[in-house]
Ligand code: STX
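Before any questions on how it binds or moves, here is one chain, the form predicted alone, in structure tokens.
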Amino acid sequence: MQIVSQTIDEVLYPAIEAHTTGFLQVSDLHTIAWERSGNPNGLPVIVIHGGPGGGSQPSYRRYFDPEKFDIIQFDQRGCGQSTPYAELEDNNTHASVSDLEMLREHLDIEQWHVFGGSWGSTLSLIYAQNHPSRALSLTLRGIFMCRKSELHWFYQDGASHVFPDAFEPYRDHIPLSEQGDLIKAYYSRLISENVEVRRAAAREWTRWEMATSRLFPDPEYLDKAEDLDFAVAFARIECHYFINAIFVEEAYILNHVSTIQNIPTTIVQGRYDMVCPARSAWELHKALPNSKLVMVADAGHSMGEVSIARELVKATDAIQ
């Protein structure tokens, strides 16, 4: 069989604009930004971005048939257009789950389909486990369950064996005496009162992640590390969550997997995902016998890779 090469634009739906945007105050401190696009009378789907701290992107709308779906996006606390910017206080997993419920109620939606990748898969799963009656289905990509082994693999020792050239500047930004715990060392710098110290650490943290996110590294991804407004929120909030073990018990998702056994679940996983290795997707799939696992042979972590995008679109097209 001949495989026809496609571009990302050929795989995704055409670009569309949001028809409604707004802000929702979710606590005394935090306000989250949200938007809707597609068909206001379509199937509601909530798109949960990665990071944490990554912010939602206009391109995410393109993974859904705009005639079929009411596409809802939001920026989690402290990132994107949500305020206050890069704020760590009152910013945790439980708050994000609560924000999702507040947004659902604010938009007067009874149930919705849930779509998320990377950290978005984490939050999708934990949200569904806490509110299983609200999740009609789960479409997940790049499974990340935030266990100690997963964090150690990417931020300390594991992916470094595959990308030693990209890892070296990330590691060597930290003095040798602190390199035994790089997450801790970065956290101390990302919460520094010194703006330049924060920015320098954010750049290196973000550059490491962007350098490893695709099977074939993309210069545009690396450029995200140079956008210090993005990098500071992304790195600070990620590191804040990770040093706090995402504010839940170890293996929380697998420990509570029985609560989502009846939710239709599709998992799209890049075989060569260095950020969120395939083992986690496999273990989740085994714990959810009714789930569908699509292991993509020629992809890494990013939903912007053509073969990942193709499978995600197939998955959303199949939603009833």
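Note that residue numbering begins at 1 and tracks the sequence as displayed. Just so you know, these numbers come straight off a predicted model, no measurement behind them.
Unshown form predicted in complex with this ligand; subsequent notes refer to it.
No residue in the set G38, F115 and T316 has a non-hydrogen atom no more than 4.5 Å from this ligand in the predicted complex. Only one of R171, R199, K224, R104 lies close to this ligand in the predicted complex, with a heavy atom inside 4.5 Å, and it is K224. For the residues Y155, Y241, F167, Y187, the 4.5 Å heavy atom test against this ligand in the predicted complex is passed only by Y155.
This chain is displayed without this ligand, yet in the predicted complex the stretch 208 to 216 from 70 to 78, 208 to 216, 158 to 166, 86 to 94 comes within 4.5 Å of it by heavy atoms. Interface residue remark: V275 is counted as part of the site for this ligand in the predicted complex, having a heavy atom within 4.5 Å.
Proximity of F247 to this ligand in the predicted complex falls outside the 4.5 Å heavy atom cutoff. None of the heavy atoms of Y127 is located within 4.5 Å of this ligand in the predicted complex. Remark: Y60 counts among the residues lining this ligand in the predicted complex, judged by a heavy atom distance of 4.5 Å or less. For the stretch 42 to 71, the set of residues having any non-hydrogen atom within 4.5 angstroms of this ligand in the predicted complex comprises G50, G51, G54, Y60, in sequence order.
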